[in-house]
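Just the one chain here, the form predicted alone, laid out as structure tokens.
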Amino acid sequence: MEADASLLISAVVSGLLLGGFYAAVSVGVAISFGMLDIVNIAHPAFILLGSYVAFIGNTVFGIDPILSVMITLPAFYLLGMLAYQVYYVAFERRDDQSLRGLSFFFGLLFIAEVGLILVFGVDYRSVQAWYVSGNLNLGVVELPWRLLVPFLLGLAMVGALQIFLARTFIGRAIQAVAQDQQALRLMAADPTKIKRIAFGLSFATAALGGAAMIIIQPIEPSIGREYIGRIFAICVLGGLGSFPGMVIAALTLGVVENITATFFGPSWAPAVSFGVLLITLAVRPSGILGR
């Protein structure tokens, strides 16, 4: 009984840390999908691009994986702005962003994945840093550094973005742009420009999520597909446009998945976590903290 209790505590703690990582990779979709109503299914591909930037910086230049990505954040930001501009000109301006817009992001996903395969092959890649191995011993539980660092990174990203959105004019405009563009124009803000900025932020956070991913596990170009459903599920479960709700949903899914994998086997974890999603939405369709 005591051994089961200890195992349960470890599973819950590890699940919370895993949930912090889920928040790190989901925050970009919380912006693009939750606030802009743009279904960017290519998001996991740009998470992986961030992972490979961390890999190159670490293996070629000997730079810390997270620092490697932070150095390149302006490039990811500009890439996101460019992606939105193409999407806007080709689809949104013509009010044709539903099915064809989705096809655009599917094409981006395919191009990015094939490009990564051509450059890096299908071999698994990993990084070296002091926090990739080892544990922080707190007596009752041991916290793996490879989970703790992405957890802290994810919460720091969400916290910084929440402050930006709540306390700056551009941040408040991003929250309003999908709700009332006419009111936004009356405040002398260009909705297209605001969306371009928001999409740049979405790509930049995807890159940081990629740094967290390669710390947790070795990566290869197609691994991002495993996260597409989970990322969108977290955003919907938390409530579209709600960062606190997204964090609660990410932590919940992390704990549920880890407990299920520990006591019933890893193959049951995705089914149980999506079952929790369906039950929650049946009780509260707007999500945990949705409007």
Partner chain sequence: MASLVAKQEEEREGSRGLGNIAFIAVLAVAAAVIFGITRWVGQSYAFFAAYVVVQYIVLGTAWNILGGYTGYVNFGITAFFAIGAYSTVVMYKLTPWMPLPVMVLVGGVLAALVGLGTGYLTLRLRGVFFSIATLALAVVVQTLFTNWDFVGGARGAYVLRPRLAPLIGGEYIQYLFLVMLGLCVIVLATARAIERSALGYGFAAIRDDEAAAEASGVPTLRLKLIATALSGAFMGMAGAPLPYYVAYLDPASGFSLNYAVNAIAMPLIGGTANWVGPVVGAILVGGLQQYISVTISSAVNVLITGLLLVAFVILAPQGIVGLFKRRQP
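Residue numbers count along the first chain shown, from 1. Here the rigid core means the biggest group of C-alpha atoms that line up within 1.5 Å when the two forms are laid on top of each other. Predicted model, so just to flag it, every value in this text is computed and none were measured.
Just so it is clear, the following notes concern the form predicted in complex with the partner chain, a form of the same protein that is not shown.
Colleague: Counting non-hydrogen atoms within 4.5 angstroms of the partner chain in the predicted bound form, say which of Trp145, Phe120, Phe164, Phe110 makes the cut.
Modeller: Checking each option against the partner chain in the predicted bound form, the one that comes within 4.5 Å is Phe110.
Colleague: Taking 4.5 Å between heavy atoms as the contact cutoff, choose which of Ile170, Leu78, Ala90, Val141 touches the partner chain in the predicted bound form.
Modeller: In short, Ala90.
Colleague: Just one of 46 to 54, 60 to 68, 250 to 258, 229 to 237 has residues with a heavy atom within 4.5 Å of the partner chain in the predicted bound form, so point it out.
Modeller: Of the options, only 229 to 237 has residues within 4.5 Å of the partner.
Colleague: If we define contact as a non-hydrogen atom of the residue within 4.5 angstroms of the partner, is Leu102 a contact of the partner chain in the predicted bound form?
Modeller: Contact check for Leu102: yes, within 4.5 Å of the partner chain in the predicted bound form.
Colleague: Please check if Arg185 has a heavy atom lying within 4.5 Å of any heavy atom of the partner chain in the predicted bound form.
Modeller: No, Arg185 is distant from the partner.
Colleague: Contact with the partner chain in the predicted bound form for Val12, defined as at least one heavy atom pair within 4.5 Å: yes or no?
Modeller: Looking in the predicted bound form, residue contacts with the partner chain do not include Val12, since no heavy atom lies within 4.5 Å.
Colleague: Does Ala160 reach the partner chain in the predicted bound form, with heavy atoms at most 4.5 Å apart?
Modeller: Although the partner chain is absent here, Ala160 would stay clear of it in the predicted bound form, with no heavy atoms inside 4.5 Å.
Colleague: Going through 19 to 56 from first to last, which residues have a non-hydrogen atom within 4.5 Å of the partner chain in the predicted bound form?
Modeller: Residues within 4.5 Å: Phe33, Asp37, Val39, Ile41.
Colleague: Once you line up the core, how about Leu16: does its CA shift reach 2 Å between this form and the one not shown?
Modeller: No, Leu16 moves less than 2 Å.
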